[in-house]
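First, one chain by itself in structure tokens, the form predicted alone.
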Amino acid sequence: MDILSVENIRKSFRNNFSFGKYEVLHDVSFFAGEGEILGFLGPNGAGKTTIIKIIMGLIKPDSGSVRILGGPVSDRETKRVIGFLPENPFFYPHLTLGEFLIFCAKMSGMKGKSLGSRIESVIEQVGLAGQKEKRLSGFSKGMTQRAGLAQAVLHDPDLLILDEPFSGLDPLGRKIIRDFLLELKARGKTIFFSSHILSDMEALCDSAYIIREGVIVRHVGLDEVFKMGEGKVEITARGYPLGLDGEIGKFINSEERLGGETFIVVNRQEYVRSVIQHLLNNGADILKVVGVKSTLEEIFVNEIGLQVTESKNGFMGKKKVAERKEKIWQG
């Protein structure tokens, strides 16, 4: 049985400047099983936070259904198995961290002698050891984010819904939270989260859904990310200018030059020997030969229809892919 099942969700909002409505989610479906970490990717305005609000029962869809452990999200018992961290959490600033977690625990129906030890354990797991008596008003953005995660896991939920959980965290904080989420996964917890930090998503997720303009455009298994680059090889050479042409040129995916070194990506491993021999015959020195793997970022950029171009100010620019958009809306 799927822990989280989202099927055929459609959602419209009324336009403030007319009597009409505009649809922001178009037949969105995805599923997450026990012990799975599922990522949700999309540009700003793609519908990520809207779908999270629907999963949490904060707003209702026009059509479609959300089921958690087989039950409707509107059911009170269903809500007990969910832990939630919104994108911009706000807590009572006059409370200490310990007082805040006691408040959250009572809101979740937790009580008993073990509550104190549970709070201490969660505080340590999210990297806030020694901060129990500190008021939340003195917390940084990253510390507030960790406090939000602490309240989300305090009642030991089966499903975690996290909206941008790494926002505001420094590299050490991100590592602490990544390790904690992987520990929860090992205990059979299901985690659904959105994030703009794709390196963290690659490190954590079993799979990821990419949403654009309210449409799911791709479901990527993270094993697929690594398989996509199989066969490509990057050769680093010195003493050879750009411009592999002729028969050798058809083996080349891309060439770049930095300083005195040329970086050549070969389409397939079977062509590597021929390219290296050509370089050696023309007086080049071979410095390095490594395999190339696609990243989740490359897949994401391709799927949302952005063409990254190099300029004097770095990588910038957006270009809608009309054919891709038309295919999505017609499909």
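Counting begins at 1, following the sequence as shown. This structure is a prediction, so every number in the text was calculated from the model and none was measured.
There is another form of the same protein, the form predicted together with a small molecule; it is not shown, and what comes next is about it.
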Sort through 87, 120, 158, 206 and report the residue having a heavy atom within 4.5 Å of the small molecule in the predicted complex. 87
Check each of 64, 291, 43, 35 and return the one that places a heavy atom within 4.5 angstroms of the small molecule in the predicted complex. 43
With the small molecule left out here, work out from 280-288, 66-74, 264-272, 48-56 which stretch has heavy atoms within 4.5 Å of it in the predicted complex. 48-56
Give a yes or no for residue 19: in the predicted complex, does one of its heavy atoms lie within 4.5 Å of a heavy atom belonging to the small molecule? no
In the predicted complex, does residue 164 come within 4.5 Å of the small molecule, counting heavy atoms only? yes
With the partner left out here, check for me: in the predicted complex, does some heavy atom of residue 79 sit within 4.5 Å of the small molecule? no
Residue 196 versus the small molecule, in the predicted complex: is there a non-hydrogen atom within 4.5 Å? yes
